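Presented below, as structure tokens, is a lone chain in the form predicted alone.
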């Protein structure tokens, strides 16, 4: 069986769970039925740990993780669909505002599947990961490839404090991108650099790295050497690594496939303009209004030839 995005993430999760003591993993059907399309298949608890299949009650389950934290017990809540975080927003915002003042030493991670594969009904179409993080002022991490999966899950799946982690439904059966050890993350794990270039800087947000990698290859055929970054972090305060690169190339390309009207990528664009780092800024994003309430493939395509033309002229 060939390695897929979901099987790679599953293997990393299983390895971390098995070696972590005093950890409670829970969620609906996480070790039964589909195991969330294979995301949680074959989970085995470590020492003094538990793996629990629960009822479908998101409000209670979001709060359970905070209760465990307050008792010094680490937890991972595996959620089959990130849209259902809406049911737990009170806990996500208000309960966490109380718990965080206690400086808990335990870990709590809510790991969910982001429906970014097309319209699947009114409860399956948000793809607004950053909005949840902004509302709760809690960090989130999007997993897009072989390398950032290892970075995010190793650093953040079980670590003191609370965070959200999202995986892409669209990429489940795809072969995960692998950059042959070239991936280098900042200390916070919110920005990852995959390649260096001299003519442009490509930065990918949400789950758009596959499109960014394709654009990187296409620009090379047009003799445009580009740096390639992704921003797995949903809340980013330090853009210095990217701005330093943009300061060299003077041309910034932003890709963002989220559905939000208030995108994390807009903060980078503002920071670049304020710093005067770029002569040309090219943005490709998904509109929050396009085909929202009708069945559609919800694809995010990037016209490489169009981007190359825009990079060839000054802003």
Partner chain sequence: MARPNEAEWALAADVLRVRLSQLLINEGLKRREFKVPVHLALGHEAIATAVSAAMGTPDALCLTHRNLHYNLARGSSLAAEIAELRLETSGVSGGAMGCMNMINPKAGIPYSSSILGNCLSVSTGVALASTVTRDGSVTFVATGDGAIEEGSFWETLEFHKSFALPAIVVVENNGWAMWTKIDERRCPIDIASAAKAFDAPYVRLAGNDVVAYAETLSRLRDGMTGKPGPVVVEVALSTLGDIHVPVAGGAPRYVNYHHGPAPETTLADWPVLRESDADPVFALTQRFDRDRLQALARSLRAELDPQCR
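Positions refer to the first chain, counted from 1. Bear in mind that the values here come from a model prediction, so they are computed numbers and not experimental data.
Another form, the form predicted in complex with its partner chain, is not on view; read the next lines as being about it.
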Exercise. Applying a 4.5 Å heavy atom distance criterion, does residue 12 contact its partner chain in the predicted complex?
Worked result: no
4.5 angstroms heavy atom contact with its partner chain in the predicted complex for residue 113
no
is_contact(residue 223, its partner chain) in the predicted complex, heavy atom dist at most 4.5 Å: no
Answer with yes or no whether residue 70 is in contact with its partner chain in the predicted complex, where contact means some heavy atom within 4.5 Å. yes
Only one of 50-58, 31-39, 252-260, 268-276 sits within 4.5 Å of its partner chain in the predicted complex by heavy atom distance, namely 50-58
None of 95, 139, 81, 117 but one has a heavy atom within 4.5 Å of its partner chain in the predicted complex; the exception is 95
As a check of understanding, the residue in 174, 90, 238, 154 with any heavy atom within 4.5 Å of its partner chain in the predicted complex should be identified as 90
Residues in 22-43 that come within 4.5 Å of its partner chain in the predicted complex by at least one heavy atom, in order, are 22, 24
